[in-house]
Structures are given as structure tokens and as C-alpha cells.
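A single chain, nothing else alongside it, follows as C-alpha cells in the form predicted alone.
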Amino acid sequence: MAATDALSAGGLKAGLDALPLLPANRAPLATEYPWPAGQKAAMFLSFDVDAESAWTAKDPARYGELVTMSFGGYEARVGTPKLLQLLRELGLKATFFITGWSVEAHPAMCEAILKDGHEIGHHGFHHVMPQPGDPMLVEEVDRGLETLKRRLGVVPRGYRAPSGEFCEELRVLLKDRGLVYTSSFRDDVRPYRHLLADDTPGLVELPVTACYDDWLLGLSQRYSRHTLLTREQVLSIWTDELEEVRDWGGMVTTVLHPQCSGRPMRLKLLREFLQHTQALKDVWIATGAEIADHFIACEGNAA
């Protein structure tokens, strides 16, 4: 045991000694471009439509666990239709990042999102977390692209990494496949442009705001035990974050899931939060494509 421990410790030290003494993300600091029409801040309103693929990505055998699958199935049966109805009532457009598996399994749900005029983004095929050297990396991207094009006629401009992970191979691959922006990193409150390892520009990043990930604030299930926070707790978190980011002139990005925020109490608090944001009258609520296009236009004007 002692020899094994020593070997493990030696391997850890070698790995740590080999780490570059550089930031993992070497993108320049975000430029503080003004928001359109004199708006003080921005909100990237986005949803991740995983359906059952959220539960099968790490263990395909779970497909036979029908109650577990019903958490994901709720998205097509109830959650997404209710969210679409809410967005119609509020006059808002959003971005829905959808896994290719969800498109194949629930085409009517995805067609309804498209019919309502929302942006559809890429979210992998099986919701497999991207990892360095993963042999499934290219297939997950390409199969997702093919499915969106074949089933919905969509060529996505934006990508959100399943399970919120990234690697250099993925950054290069997405640029090669013609994607415009990603919304996956957690390191800023403004859009910025990635810098690839070869010092060439990458995609635009629309950073995620961690506290707007509803999965962490209220989905309680045997494989995903998070404390079920009350409406008042979540609204307090969301409004406080928005208030401060608004004072900074920055952007908040939501990561909302129909199997979470499409539940009755969660839908109610989302309605209240979005109405609160609209009442401020100085927060630009937009899709990822709209925000990325604005950033690119500002880049061009500053060049």
C-alpha cells in the first residue's frame, strides 16, 4: 500500500510540475462595449433542452429506469409547452440549446420551439460531457449538427457544452464547423472572444452566470440531490445578481431546463423574475445570436 501511495504521489507531483504557468483561458479581457439602444445591461435568456439524455449520458442503462426517465420526459409533455406559453405572454424570444437525441425523440416539442421563432442552439447529441482526448468528441458535435439540419432545417450559430465542460480540441472543432459563439464558460460578465492555443481567434463566448442554472437550485432526484430552494430564496438570488451586474453594465446568462423551470412553482418564479427584469426597462433581454452579432459589430467598429 505504501508503494502504491508513493507512486500515486509521484504521479501527482509530475503532473503538477508539468502544468503551464499560464491561465487556462488566455483570451484578452472583455471589452466594455455599450449595449444597444442605451440599455444598461443585458440578459441572455437561454434554456437547455436535454430531456431524457440528461440522465442517460453517463449511464445508458438508466433508459430502463422509467421513473428516472420521466423527469426528462416531463420536458416534452409539460415543461417546454408551458415555457413557450410564458414567453409568448411576455413577448420574449430565447435560445434553446437542444441535444440531438432530444430532437430525434421529441420532434414535435422541438418543432414547436422553432415555430415560435426562438433560436435553436447545439447541445451535443447524447449530452456527453466533452473531455480532452475523448474519441466521441467529434461524433457528438457532427451528429448533433446533422440532426438539427435534417430534422429542423437549422444550422445553429451557438453551442453550449453538455454538463458545462470544454477543452481545446472542442474550441478548434467548433470553429472549424462554422459555429459563431459558445455559452459555456463561467469566467466573465461580458462577452469576449476566445483565443486558441495557436494564438488565432476562436468563437465569441457568452459566459454563463452560475447562479442562474436552475438545475443547482431545485432539482431533487435520486441521481441529482440538490436542496429544493423556495421561491423566495431563488428570487432573492436572481434579483440580487441582476442588480449588481446591472450596476456593472454587464450581462447575465440563464441556464434553465424545462424539467426544472417548467415545473409549476418554478414557472411561477421565472414569470415573476422576467416581469421584474422587464419592468426595469434598461436590461436588453435577447437571444445568443443577437448578443453575439452585437459583439461582432462592436469588434468591427473598434478595429
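These numbers were taken from a predicted model, which means no experiment stands behind them. Start at 1 and count along the sequence shown; that's the residue number.
Separately, the form predicted in complex with another copy of the chain exists; it is not shown, and the next lines address it.
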item	value
4.5 Å heavy atom contact, A27 to another copy of the chain in the predicted bound form	yes
Any non-hydrogen atom of G178 within 4.5 angstroms of another copy of the chain in the predicted bound form	no
Another copy of the chain contact in the predicted bound form: L274, any heavy atom under 4.5 Å	no
Any non-hydrogen atom of T56 within 4.5 angstroms of another copy of the chain in the predicted bound form	yes
Interface stretch in the predicted bound form with another copy of the chain - options 152-160, 90-98, 103-111, 116-124, non-hydrogen atom within 4.5 Å	103-111
Residues within stretch 143-177 having a non-hydrogen atom within 4.5 Å of another copy of the chain in the predicted bound form	R143, S163, G164, E165, F166, C167, E168, R171
